[in-house]
Structures are given as C-alpha cells and as structure tokens.
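Only one chain comes next, encoded as structure tokens, the form predicted on its own.
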Amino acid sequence: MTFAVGEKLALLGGTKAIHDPLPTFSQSAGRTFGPEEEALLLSALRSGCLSRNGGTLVKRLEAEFAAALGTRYAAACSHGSAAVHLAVAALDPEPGDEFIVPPITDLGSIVPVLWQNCVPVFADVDRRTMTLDPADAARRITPRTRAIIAVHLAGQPCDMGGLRALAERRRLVLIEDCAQAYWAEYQGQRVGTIGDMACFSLQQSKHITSGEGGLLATSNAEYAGRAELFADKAWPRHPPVLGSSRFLFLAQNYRMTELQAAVALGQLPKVAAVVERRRERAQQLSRLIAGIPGVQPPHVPEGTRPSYWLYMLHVAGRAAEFGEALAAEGVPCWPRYIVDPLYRSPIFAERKTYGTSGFPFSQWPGQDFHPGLCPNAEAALSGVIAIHWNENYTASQVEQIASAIAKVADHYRSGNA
C-alpha cells in the first residue's frame, strides 16, 4: 500500500489511486462463466424444451442445490424476491399476519410480505453488523406475529443463535434471506440450513448468477410442497391435472426457465471457490487498513465467516463526502448502502401500496414509520460505505483499494473540507 501523505485527491484533480481496471459483476472479467455453462445451455437448446414443465434442468438444479447446501428440498423460481415470496406463501398466512423484518436490506426481502396482504414490522439492527438484533426483534412481537425474516446483509451472517432461540421460544417461523450470503457460516453451520426456510438469488451481481433466478431451500416437506406449487400457479403436475381442479389456491407464476437452470447448474460447483476468494481478498483489505484513523473494516463477530457480497467500510462521519472521494479514486462504491432505512420510503411512510387504500396498514395499524423507529439502523447507515466486491480481484488491486482508502482518510483527517 503506497500513497504520499497530503497527496491530492482525484476528486480535486490528483492522480487516481486505482490504476488497474477492476473487474465488475457486469463484465466477463468479474464472472466465472466458462465451458460448463456453455455446454449446459447448448444441451437445453438441443432438447427443444426451454420450460421447466417438460424439461429436466430445473429439476436437476433443485436437487443438486439442496444437496450442495445441505437441505432436503429446493424450489427454483424466477428471481430472489420470488424466493422470499415462496417462503412467505408457504406459511399460508392470514391477512394481517406480521413478519419481523430488518430496515436495512433490499426491498425484495420485504415486499413479498405485502403481496400476501401481511404486515412487515421493522426491528432494529446491531449497529456494527447492520443485521437484525434479536433483542429488538423480541420487543416487536405481537399476537399477530407469524415469522422472522433474517437477512444476512452483504454476506455477514445474522446472530442466528439469538434469532433461532427467539423463534423457538415464541413459536415463530424463521426465514433466512441468503441472497447476499452464499456459503457464509455461523458457528460452523452454513447459513440457509439454520432457519426453517432459506431464500437465495441468482441475480447478475450475486456470488453465482444466471442473470435472474431464485431458490428456496428447506428440509420441511410441507413448506417445500407448497412453495413448489406457489411458483407454478398452484397447478399439480404429478400427474398432470386438467380442468378447473388444477388451481388449488391463489398463487403466482414464478417458473424458472431451463436456460436459467443451465447457467445456474454450471455455476453451482464454483460457488465455494468464489466465496473463498472473496474472503481472502476481503481479509487482505481489512489487514491493510487496520489502524488507519477514521476508518474501520467490517465487523465480523466471533464464530462467523462472511461471504463478502459487499465490503462494508465504516467511516467516522462524512460518509457521503468520503464515498464520493473514494469513487473518484476508482473504487466502485456508494455511501450509506441505502440512503435511509426502508421504512422511510414512500411505500411505507406514505403507504403507497394498493391504490389510495393504504392497505394493509390502514386495516392493521400499529406501526408508525417515523424517523427514529430504528435508531441503530439510522446511525449505522450514516457512517458506512458499500464497496463492490469481486472474487477476481488480485492482491495488487486490493492494495490499490487500500491505498485509496488511506489517501481519502488522510485528506479528511488533515481537516480538509
């Protein structure tokens, strides 16, 4: 790591700290596609059937993913948000049932609750990890609470011991959102195998990808069966049922195609190595920036092994200015991860849901989506910068990222505006 003390920021006309182009998830240099995916895609095309109904690859992906993860079942679907919807719908909840959710996540972790006419209830996070705080989650439970959705943010596992104990004590279902946390570990156990159900995404930016796609994993036969039906209009296919009796309940069409499954099958054997390379490079960066005043690497609680979908850099204030300067140095990042906790977005704060009804909040009030609802989440977002992370970063490129962080930290430590 090299930079000159007092060196001018690139934002102010200085030379960029990043001089080697960094691979990104939207380019082949930042992905792991190869002949395996090509061969499987060609086999799908040559089969003549690109639908899961009649094809073989989606079913094969479900079986191989479950085996690789360590669950009994997996249900494939069209995207990660759909996977969360499968988990919610697998419970067959009543309208107005509540789901405890974190305020720092992608909206796809939460909107499936609304699509089932249920109510998301926001609980605060651990300020250091920005993942759900079991103690605050416990305070938000009411007689209508049905489940907890634990989001392993940026690849950092939640406090699954605390959440699992809470769910068992209060007889709640525990859903893991693992979209950002492939093969992360908590106390030696892989995330996705600790809760009752787990949801994964195959969107372009994830550890492995088929462009879009999702997977629900579980060892509960009842949940797996209902999730599979929900992804296919609740139409029994074993054996095929025709006539009006085929639509067993209100459901969606979230079918994955054979083409998506072909790519995902080629990607699946690569995920463990992808995660290990991300860990190695993230740990390198954490070592390099350790001790730099005003910045902190991601907090990794003892007993957890993150998979680093993002590298969450914590700064002492001025996250917006720091992030802008860091991006100008060539580091792909954005400050605050999300600008505000999700409860401040119009869908919640202004109840922009179904027309002008405000449903379901108008029917089941009880949560005021005001500033200060989750103070730890608000404080954490004010001091975090999300750095894009990639398994194909080289050691030299990580050194350049560290130099950029040191350079920007030095600028602001020196009292510059």
Ligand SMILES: Cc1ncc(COP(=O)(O)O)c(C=O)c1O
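Quick caveat, the model's predicted, so the values are computed rather than measured. From 1 onward, residues are counted along the sequence shown.
The same protein also exists as the form predicted in complex with this ligand; that form is not shown, yet it is the one meant from here on.
Residue contact check for residue 267: none of its heavy atoms lie within 4.5 Å of this ligand in the predicted bound form.
The shortest heavy atom separation between residue 108 and this ligand in the predicted bound form is within 4.5 Å. Although the partner is absent here, residue 344 is not a contact residue: none of its heavy atoms lies within 4.5 angstroms of this ligand in the predicted bound form. Proximity of residue 151 to this ligand in the predicted bound form: non-hydrogen atoms within 4.5 Å are present. Stretch-level contact check against this ligand in the predicted bound form with heavy atoms at 4.5 Å: of 256 to 264, 73 to 81, 291 to 299, 135 to 143, the positive one is 73 to 81. Just one of 179, 326, 197, 86 comes within 4.5 Å of this ligand in the predicted bound form, counting any heavy atom, and that one is 179. The single contact residue among 210, 201, 218, 156, judged by any heavy atom lying within 4.5 Å of this ligand in the predicted bound form, is 201. Contacts to this ligand in the predicted bound form (heavy atom within 4.5 Å) from stretch 114 to 144: none.
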